[in-house]
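Given next, in structure tokens, is a single chain: the form predicted on its own.
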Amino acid sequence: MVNQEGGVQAIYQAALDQGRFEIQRCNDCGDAIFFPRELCPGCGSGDLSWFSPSGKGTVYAVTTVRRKPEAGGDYNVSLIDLEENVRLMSRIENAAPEEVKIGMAVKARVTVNEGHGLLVFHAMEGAAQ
């Protein structure tokens, strides 16, 4: 893929800003890749392409960030394993921090606020453990 100004992180963020969640795949070894990179960490190839993953995943780990109510209140920070075999950090938006559990099924969503996209997850129906 021809690199755009700002590198692969800028390409990833531009997709989010347009409401799309995309990750990379190595065209040589087939591995899915996240965090965006210039080279495949598995085989070293520079032949990478972007694709839209299923967005389905599982909570691998979770912690709660404690804040005063006037500062927005508590929120969770979660590590999510996607079906495509990549792990990323985000948060589960439709569940209270104490409701987010390891093993919970989640689905990716992109929220766009004032032109800036952010990847978040929602617990899938019936996902409470």
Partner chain sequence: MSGDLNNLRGKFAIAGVATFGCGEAPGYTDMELLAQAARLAVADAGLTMKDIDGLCTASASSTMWSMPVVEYLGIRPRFIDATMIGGSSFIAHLMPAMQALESGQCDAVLVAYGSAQRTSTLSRKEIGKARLLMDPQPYEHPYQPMLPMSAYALAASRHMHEFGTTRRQLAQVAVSARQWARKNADAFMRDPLTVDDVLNSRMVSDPLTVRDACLVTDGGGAYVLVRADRARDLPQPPVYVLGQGTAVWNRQISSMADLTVTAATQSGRDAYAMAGMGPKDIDVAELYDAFTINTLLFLEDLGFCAKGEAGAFVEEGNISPGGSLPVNTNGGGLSWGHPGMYGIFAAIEGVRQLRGNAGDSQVAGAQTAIVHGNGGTLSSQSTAILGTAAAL
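Positions refer to the first chain, counted from 1. Bear in mind that the values here come from a model prediction, so they are computed numbers and not experimental data.
Note that the form predicted together with the partner chain isn't included here; everything after this is about it.
Although the partner is absent here, Ile33 lies well away from the partner chain in the model of the complex, with no heavy atom inside 4.5 Å. Although the partner is absent here, Gln9 lies within 4.5 Å of the partner chain in the model of the complex, judged by heavy atoms. Thr63 belongs to the set of residues with a heavy atom inside 4.5 Å of the partner chain in the model of the complex.
Not displayed here, the partner chain is approached by Arg87 to within 4.5 Å at the level of heavy atoms in the model of the complex.
Out of the listed residues Ile102, Ala96, Cys29, Leu39, Ile102 is the one that sits within 4.5 Å of the partner chain in the model of the complex by at least one heavy atom.
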